[in-house]
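One chain follows as structure tokens, the form predicted on its own.
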Amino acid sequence: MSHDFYVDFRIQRKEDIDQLTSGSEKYKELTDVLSRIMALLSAFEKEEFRNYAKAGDRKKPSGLKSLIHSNGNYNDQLRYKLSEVKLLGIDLSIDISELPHGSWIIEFPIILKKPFISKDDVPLYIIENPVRKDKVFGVPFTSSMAWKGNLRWTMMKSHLEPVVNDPSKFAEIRYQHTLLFGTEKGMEEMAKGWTKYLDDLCPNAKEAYRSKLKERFGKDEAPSLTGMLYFYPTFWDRIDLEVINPHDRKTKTGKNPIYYEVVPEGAKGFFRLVYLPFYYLGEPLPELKNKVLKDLKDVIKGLEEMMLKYGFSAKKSSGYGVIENNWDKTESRLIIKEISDAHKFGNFDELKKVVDKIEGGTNE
């Protein structure tokens, strides 16, 4: 015993991959599927075994493909890991009772209508396209930064692009998005990245937008701002393996299948978003309420388009990463501190009606 995981469970023969897949011989100790998947990495040193470690061969499925598909064991373990995550208080509802007036929380369960794809940042894996997983629990997840980036991009599409011919309105909405999401990337002396893209999208709004920032924060240079929206990761309860197999134009056969992990259709997660109106604190309650509700309605519109239309996954232009517009109403919650009690909703239409009632003063 060397006390080195990759030495003790090193793969040296093709039979080792089969034993690792079935959990027999020296691999009996590896009861956790994720540990067996990580042990597959040692197959990289044997070039002749690499493809077999991914999916086996035509005669015998083995390797990663079998580990993920074997009787649903991996997904059972993911659900067990999720229970540990909840037990530690990592994926639980948020208490906003100590937050400022006007703070709100939206949370609801989500079910994937199309698979979700992401790219993990591990330096080595048995296939080139692993889905992103939590480092401690090994559960596939959508990070809070991924939610933030996708929602900001979606709100640019749905709120800013339609008003590119109205510089005044464009500058006003761009300023609102900065308060919601924080300083734009590339907001430097020489604009680049996201900032340059928005400058070029409506050049006549550029100076008006910067004047609003200067007027609000009293600085000539671009301020470094924290946004009022706080995102939380979504942990998924399933994982799957898909393959594309480009065919040779002459032989019409596929030679180099490309495997990639996905969170499959039907997988369940939970979405949470918290809003703190700290840029509006000190304003009279009626004005605070108006601004808070306007932000809420705009964010809900962005969420609806991101989750039902544009997607929040890699390859979203191909339809990946959208959800069912129907969820368990009893698990949902919208609450606005000092403005509205908790409300339940089962889809985006019901959520928008709830906000309309709150805005109209019928807090039912």
Partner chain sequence: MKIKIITPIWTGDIDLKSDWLHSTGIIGSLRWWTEAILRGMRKFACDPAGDERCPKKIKDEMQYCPACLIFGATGIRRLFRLEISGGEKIFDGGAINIKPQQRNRGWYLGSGLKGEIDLNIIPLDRDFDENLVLVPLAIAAKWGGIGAKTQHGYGVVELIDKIELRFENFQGALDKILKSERLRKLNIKERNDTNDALPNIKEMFFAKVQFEVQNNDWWKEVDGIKPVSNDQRLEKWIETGSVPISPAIKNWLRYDDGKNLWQDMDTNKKERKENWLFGTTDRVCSSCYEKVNQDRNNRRNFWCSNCRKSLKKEETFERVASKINVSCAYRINNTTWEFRIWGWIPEGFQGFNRNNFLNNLKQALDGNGTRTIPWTSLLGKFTKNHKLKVWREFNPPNESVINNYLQSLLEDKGGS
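Numbering follows the first chain given and starts at 1. Rigid core here is just the name for the largest C-alpha set that superposes within 1.5 Å across the two forms. Computed from a predicted structure; not experimentally measured.
The form predicted in complex with its partner chain is left out here; the points below concern that form.
> Counting non-hydrogen atoms within 4.5 angstroms of its partner chain in the predicted bound form, say which of E265, E172, D91, D237 makes the cut.
So the residue touching its partner chain in the predicted bound form, by this definition, is E265.
> Which of these residues, K185, K157, K294, K119, gets a heavy atom within 4.5 Å of its partner chain in the predicted bound form?
Of the candidates K185, K157, K294, K119, K157 is the one lying within 4.5 Å of its partner chain in the predicted bound form.
> The chain here is shown without its partner chain. Which stretch in 334-342, 310-318, 295-303, 31-39 comes within 4.5 angstroms of it in the predicted bound form, by heavy atom distance?
Careful reading of the contacts points to 310-318.
> Within 4.5 Å, heavy atoms only: does E242 come near its partner chain in the predicted bound form?
Output for E242 is yes: heavy atoms within 4.5 Å of its partner chain.
> Can you tell me whether L201 touches its partner chain? I mean in the predicted bound form, with a 4.5 angstroms heavy atom cut-off.
Because a heavy atom of L201 falls inside 4.5 Å of its partner chain in the predicted bound form, the answer is yes.
> So in the predicted bound form, does R249 come within 4.5 Å of its partner chain, heavy atom to heavy atom?
R249 belongs to the contact set for its partner chain.
> With a cut-off of 4.5 Å between heavy atoms, is K46 one of the residues that contacts its partner chain in the predicted bound form?
So K46 does not count as contacting its partner chain.
> Quick check: do W153, K255 and V322 each get a heavy atom within 4.5 Å of its partner chain in the predicted bound form?
Checked in the predicted bound form: all three residues contact its partner chain.
> K135: after superposing the rigid core, is there a C-alpha shift of 2 Å or more between this form and the one not shown?
Comparing the forms between this form and the one not shown, which are aligned on their rigid core, K135 does not shift its C-alpha by 2 Å or more.
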